[in-house]
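Starting off, we have a lone chain in the form predicted alone, written out as structure tokens.
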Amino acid sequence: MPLSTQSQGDDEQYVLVACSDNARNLSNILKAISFKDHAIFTATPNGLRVTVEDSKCLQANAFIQADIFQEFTIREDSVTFQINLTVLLDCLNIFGGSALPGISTVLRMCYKGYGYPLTLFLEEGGVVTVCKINTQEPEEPVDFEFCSTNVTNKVILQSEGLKEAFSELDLTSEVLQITMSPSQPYFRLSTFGNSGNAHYDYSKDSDMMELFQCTKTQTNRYKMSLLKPSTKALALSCKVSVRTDNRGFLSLQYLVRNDDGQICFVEYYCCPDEDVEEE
């Protein structure tokens, strides 16, 4: 194949080279965080982290480990750039993003360094397309200071359970209220919309519940408009970890399997909308 026969000498001009025999493995995970045009790419020897933010209240990170790629070469400790995520996704799906068996788009992604474009070589059925996407100076991502030592409550659910609830949420509600407690209702999602108040409860013994670690009763509200983008990640995922810290900040971590059964993670951080008095 043309992409696999490029000489080693070609690679030496790049600070980052990442190759995949299925571009969908990258495009699908990026779709899970594509709610704003621009994304910050950070590459380390461990892989890629792609970050998207909204008004410093919401941050989404997609983690794509180096071993997801057939080749992953980085010549610096860390490589960071900002790119238009919408354009990148359009390029990755330039052949239509087909999911037909036996047909996949081979991807070779190369970056020469600061000021240079990100170059994509895409091949399907012997046809090679080259895309060059301008990169920008990256902005510093917000540090939500969400660390495991400050986590007060954590549950891990099979995604099916949350998908059902999210599909029925009253989207006329401006907020989603999340209650986590060591006693009943254990884990509750509440909305306050035009058709009245609605609650979705999960028992700690539910078949959907894989882990239940709640140390105190916490009730926090989050803007529905901020949480809506995370449903893209939920749709792709098989498990989701829901955590809150002592400030009421929310972490939603989604475990996503790609076409080849490999695991990637998508994490959303969201700040609380307002304090709610504990009942």
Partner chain sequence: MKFRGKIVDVACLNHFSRVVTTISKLTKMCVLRLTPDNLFFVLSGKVGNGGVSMWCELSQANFFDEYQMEGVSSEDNEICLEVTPENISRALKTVQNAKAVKVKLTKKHCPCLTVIAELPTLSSINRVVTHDVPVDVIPQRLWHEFKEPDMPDFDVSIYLPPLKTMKNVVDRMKNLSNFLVIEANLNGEMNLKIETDLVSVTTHFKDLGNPPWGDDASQDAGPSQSRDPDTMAEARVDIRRLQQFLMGQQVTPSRAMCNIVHQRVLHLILLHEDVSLQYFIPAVA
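Positions refer to the first chain, counted from 1. From a predicted model like this one, the values you see are computed outputs, not experimental measurements.
In what follows, reference is made to the form predicted together with its partner chain, a form of this protein that is not presented.
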Can you check whether V128 is within 4.5 Å of its partner chain in the model of the complex, heavy atom basis?
yes
S78: touches its partner chain in the model of the complex, heavy atom cutoff 4.5 angstroms:
no
Wondering, does C91 line up within 4.5 Å of its partner chain in the model of the complex on heavy atoms?
yes
Proximity of G115 to its partner chain in the model of the complex, heavy atoms at 4.5 Å
no
Only one of T152, Q158, S206, N134 has a non-hydrogen atom within 4.5 angstroms of its partner chain in the model of the complex; which is it?
N134
Exactly one residue in F146, F192, Y200, F95 has a non-hydrogen atom within 4.5 Å of its partner chain in the model of the complex; which is it?
F95
Picking from 134 to 142, 184 to 192, 107 to 115, 170 to 178, which part of the chain touches its partner chain in the model of the complex when contact means heavy atoms within 4.5 Å?
134 to 142
